[in-house]
Each structure stands twice: as structure tokens, then as C-alpha cells.
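A single chain comes next, written as C-alpha cells; it is the form predicted on its own.
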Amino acid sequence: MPARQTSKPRISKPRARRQTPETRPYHHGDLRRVLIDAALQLAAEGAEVSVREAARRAAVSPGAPFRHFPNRDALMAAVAEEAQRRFRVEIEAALAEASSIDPLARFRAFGIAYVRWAMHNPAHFEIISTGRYFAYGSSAELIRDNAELVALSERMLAEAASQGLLRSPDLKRTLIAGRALIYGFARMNLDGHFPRWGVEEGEIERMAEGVIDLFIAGIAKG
């Protein structure tokens, strides 16, 4: 009678632990920066910006961003801070090329750089110029940065006044008028007003320069 063959016990391999979105690793060295860039790109495309959509665009797990941004407000505040930083770079580059001895030339360069940046980055301008996307007061950095830009404008006009270049001694009124002009022009462009005023897209930058020149001619002594 043949010997009964006993089957070897089946050894089951340990099952690999399934990686959930929360446990799947990501490989970005600076996830915060990657998420901000992804959100900026979404905004530039006119897409809805959310923490999860930024994660999808950045190719990381849906749970990973929440280590840096607990909610959409926090992400949008960071996006606004980055947009403002890029805006400052544009302003500072324009001022570096302007005449260092003529405060009104610097003010002109400031205004043109402001409008040009807003024209080339409409979604980013919308984010930093309105409170529609996040609680503006939640970003101390943004508040401080805006205050510095206002102070920069004040210094340029105060210097112009000290050199006897301005018609009016009312610096506050002159500053607000300048702000209204520059911001208003940028806003008109963003809202698509210029075609109804007979200004074609290719003419808007030249028109901005002409309008700012007209303002400076109006505030400067003859």
C-alpha cells in the first residue's frame, strides 16, 4: 500500500498594506511651494481653486496638502501672498530703471508697472485686489506688504512736494487720486470695459502710459 502523501501546508504571503490617499507617500521636497504654484495656475486658468484640486494638479494624495493648508482660506491667503510677492518684484524692477533723482518719474514707473502687471496677470490681480477669495485680514503678510506699497507711493509724492514739483500741498488727496487712477484703470481692463470705449487690446498699455502721463502733468507745477 503506497504511503499516504501529505500535502505541504500552504504558506500565504503577507498581503501588502494598501496605501490609502493619506498613507501614499509624495516626493516633493517643498510640498507647500508646489501646492501654491498649482493653485496659482488654477487661478490663472480661471478654474475653481480648492485644496483637493491643487493636490490633484500637484500629483499628490488628497490628504497631503492639509498638513500645510487646513482649509481653502489658508491656501488662498498663501496664493495671494505669492501673487503679491511677484507684483512687488515687477514694481521694484521698474523703479530700479527709473530716474533716481526725479520722484515723479519714479511715480510714473510705479503706475505703469502696476497696470502692466495687472494686465498680464488678471487672475492674480483679482485675488490680491478683492476679498472675494479669502478673508483678507487673515494674512498679516499681505496687509504689511500693501502698507509698504502705500508708504512707497507716499514717499515719492512727499519727495516731489519737498522739491516744489507739485501744484497742491494736499499729499493725501493727490495720493488717493493717483491710487484711484491706477487701480481704476487696471480694474477697467480686468472687467473688459475698454472695447466699449473704443480701445483695442493692443492699445491698452499705450493708453495706460498716456493716462498716467496726463495725471502727472495735472499734479505737477508747470
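Because the structure is a prediction, the values reported are computed rather than measured. Don't overthink the numbering: it's just position in the shown sequence, from 1.
Here the subject shifts to the form predicted together with another copy of the chain, a form of this protein not shown in this document.
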From 52, 155, 32, 167: within 4.5 Å of another copy of the chain in the model of the complex by heavy atoms is 167
Taking 4.5 Å between heavy atoms as the contact cutoff, choose which of 181, 161, 42, 60 touches another copy of the chain in the model of the complex.
-> 181
Does another copy of the chain come within 4.5 Å of any heavy atom of residue 150 in the model of the complex?
-> yes
Non-hydrogen atom contact residue 66 with another copy of the chain in the model of the complex at 4.5 angstroms = no
Could you tell me if residue 193 has a non-hydrogen atom within 4.5 Å of another copy of the chain in the model of the complex?
-> yes
Taking heavy atoms only, is residue 87 within 4.5 angstroms of another copy of the chain in the model of the complex?
-> no
Interface segment, criterion being heavy atoms within 4.5 Å of another copy of the chain in the model of the complex, picked from 169 to 177, 34 to 42, 52 to 60, 66 to 74 | 169 to 177
Partner contacts for 204 to 222, taking another copy of the chain in the model of the complex and a 4.5 Å heavy atom cut-off | 207, 210, 211, 214, 215, 217, 218, 219
